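This document opens with one chain alone, in structure tokens, the form predicted alone.
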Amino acid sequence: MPPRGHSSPRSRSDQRYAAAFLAPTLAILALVVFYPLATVLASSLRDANLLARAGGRFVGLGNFVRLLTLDEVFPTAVLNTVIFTASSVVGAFVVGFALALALSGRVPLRGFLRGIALIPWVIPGVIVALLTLYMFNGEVGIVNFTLRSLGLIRHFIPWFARERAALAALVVANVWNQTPFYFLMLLAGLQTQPEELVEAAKMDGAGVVLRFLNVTVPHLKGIIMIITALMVIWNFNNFDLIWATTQGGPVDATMTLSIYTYRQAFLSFQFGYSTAISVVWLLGLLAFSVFYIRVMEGSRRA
């Protein structure tokens, strides 16, 4: 037996093997994650400009002070991002959950209907944006035609010329595009639901609503936590749909953090300022993730 505090030759050999196997993974992480992150952090402290050859002068926290105290567009971008993300996640989750519940049982043409429900998810984001432009067209769009045929509106709505209407149209398009993801994940969870728990609840006299609240939802809580966290992050980073339709307009009504960061970096060429926005954005997402995971883990233990 080796002396206490000294590892045996075999354990040292195992450690070397472990280090050799981990080295490629750590190298890839350093190259594609840590190096870009360090570059962004360094750029956020400088007055970098894409048109200048030099890296820009060091300004410390000047970009962050300007962002949080002087920038009038940044609060609007944050608010629009939160509204767009929350509306998209809630809307797509509700519709996806309803589809999963409807198609989890034995219904006619179940396989065909499941396949149809997945179509929006496989359509590229730019194509979804072009479809949105045509469907919500203020003169010949099918949305206006349908609403007027149902008697809900008297005149066609110029969706992308009105501030509130533009964001609402984008949310509807985004919900349609992302609903299949929730549907697929929740349907997979429903397929693994123990039938004995459902039968026991029926024997105890629990109705459909009580079985849903006391059996189905607790069983899917882990899946719900993961997919909602992923989709919050995904929608915070949503770019292609908004850029290909409104580019943040009209009058910053659809200006989100992704669009504002892109504009600052590649249209105003203020690369240092745009990286400061991305750093604040990253910190906000990290804070949300930590808070959300702790809340959900606490509710699971309760």
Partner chain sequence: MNRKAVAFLLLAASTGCGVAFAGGAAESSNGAVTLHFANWVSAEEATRKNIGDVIAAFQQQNPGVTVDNVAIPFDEMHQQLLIETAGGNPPEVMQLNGPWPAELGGLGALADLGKYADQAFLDDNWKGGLEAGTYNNVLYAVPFGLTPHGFWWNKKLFAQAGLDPNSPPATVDDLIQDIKVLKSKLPSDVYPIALDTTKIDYALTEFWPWILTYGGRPMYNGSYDFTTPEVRKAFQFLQTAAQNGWTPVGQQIKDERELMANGKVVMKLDGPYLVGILRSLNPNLAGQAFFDTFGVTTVPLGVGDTPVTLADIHQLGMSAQAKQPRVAWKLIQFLVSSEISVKEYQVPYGLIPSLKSTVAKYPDLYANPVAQAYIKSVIPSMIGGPYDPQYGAAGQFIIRGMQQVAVGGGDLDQTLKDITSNLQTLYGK
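Positions refer to the first chain, counted from 1. The model shown is predicted, which means the values in this text are computed figures rather than measured ones. What we label the rigid core is the largest C-alpha set whose atoms superpose within 1.5 Å from one form to the other.
There is another form of the same protein, the form predicted in complex with the partner chain; it is not shown, and what comes next is about it.
Peer 1: Would you confirm whether the three residues Leu50, Val251 and Leu267 all fall within 4.5 Å of the partner chain in the model of the complex, going by non-hydrogen atoms?
Peer 2: The answer is yes: all three residues contact the partner (heavy atom, 4.5 Å cut-off).
Peer 1: Can you tell me if Glu196 lies within 4.5 angstroms of the partner chain in the model of the complex, counting non-hydrogen atoms only?
Peer 2: No, no contact at 4.5 Å.
Peer 1: Looking at the partner-bound form in the model of the complex, is Val215 within 4.5 Å of the partner chain by any heavy atom?
Peer 2: Flag for Val215 set to no.
Peer 1: Indicate whether the partner chain has at least one heavy atom within 4.5 Å of a heavy atom of Arg263 in the model of the complex.
Peer 2: Although the partner chain is absent here, Arg263 would touch it in the model of the complex, with heavy atoms inside 4.5 Å.
Peer 1: Using 4.5 Å between non-hydrogen atoms, is Val140 touching the partner chain in the model of the complex?
Peer 2: Judged by the heavy-atom cut-off of 4.5 Å, Val140 is in contact with the partner chain in the model of the complex.
Peer 1: Do any residues of 108 to 133 have a non-hydrogen atom within 4.5 angstroms of the partner chain in the model of the complex? If so, which ones, in sequence order?
Peer 2: Read in sequence order, the lone residue that approaches the partner chain (within 4.5 Å, in the model of the complex) is Leu133.
Peer 1: Please say whether, between the shown form and the other one, the C-alpha of Ala18 moves by 2 Å or more once the core is aligned.
Peer 2: Yes.
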